[in-house]
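Coming up is one lone chain in structure tokens, specifically the form predicted on its own.
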């Protein structure tokens, strides 16, 4: 029996902020603000079916993001879904983290020894945070190919290829389907961008 087809969810953080704090401007500062936004994101995720999905956390309309909010909205969100008792099989991408956001996000990731898949505003996804050179290389190949079948990295890493893909999946930086096929998180989000994904705004 094949595993369910993974889907995607788009969460507009600017809209989440507006719903919680209107009419304030979308400046994510102070830890209570970040915690409230993270809880709203988790609430959106909780309504999904048990099948795996990729949630695109869109920071496009956020003007200011301080360290405490980055810690809550990015790092603590990732930590929650890395745990074995996570409420859903959710994976996360972060979009439009431009230079004014990047420093806070990377500091939060470093504090928790995490990595995350991020678009820094150039329209391409990057692996940010803590990762080995081999992990970055394997992730880069997966990002270019979009999906890799079992044994598909043998030509690049020999016997280490499968372990590297399994490690990326364990860190929630890639999505592994039944049968061993590994998907790039961005591939799931881009595939659904044509209109069959769910958008929260």
Partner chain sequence: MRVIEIPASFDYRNIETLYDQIDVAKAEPLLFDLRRLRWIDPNGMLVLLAAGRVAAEAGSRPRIYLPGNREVVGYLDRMGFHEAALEVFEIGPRSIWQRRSRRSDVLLEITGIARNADVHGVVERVQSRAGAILSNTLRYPSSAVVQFSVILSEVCQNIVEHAKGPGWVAAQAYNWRRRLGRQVAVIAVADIGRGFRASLEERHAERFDGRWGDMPALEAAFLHGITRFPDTGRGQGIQQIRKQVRRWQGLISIRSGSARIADTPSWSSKGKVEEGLRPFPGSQINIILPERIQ
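Positions refer to the first chain, counted from 1. Please read all numbers here as calculations on a predicted model, not as lab measurements.
What follows is about the form predicted in complex with the partner chain, which we do not show.
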How about residue 165 - does it come within 4.5 Å of the partner chain in the predicted complex, if we only consider non-hydrogen atoms? no
Practice task
Mark residue 66 yes when one of its heavy atoms lies within 4.5 Å of a heavy atom of the partner chain in the predicted complex, and no otherwise.
Solution key: yes
Verify the contact flag for residue 112: yes if a non-hydrogen atom of it lies within 4.5 Å of a non-hydrogen atom of the partner chain in the predicted complex, no if not. yes
Inset, instruction - Considering only heavy atoms, tell me if residue 51 and the partner chain come within 4.5 Å of each other in the predicted complex. - result: no
Of 60, 43, 132, 30, the only residue with a heavy atom within 4.5 Å of the partner chain in the predicted complex is 30
In this chain shown alone, the residue from 160, 170, 35, 145 with a heavy atom within 4.5 Å of the partner chain in the predicted complex is 35
Given 66-74, 51-59, 133-141, 146-154, the stretch touching the partner chain in the predicted complex at heavy atoms within 4.5 Å is 66-74
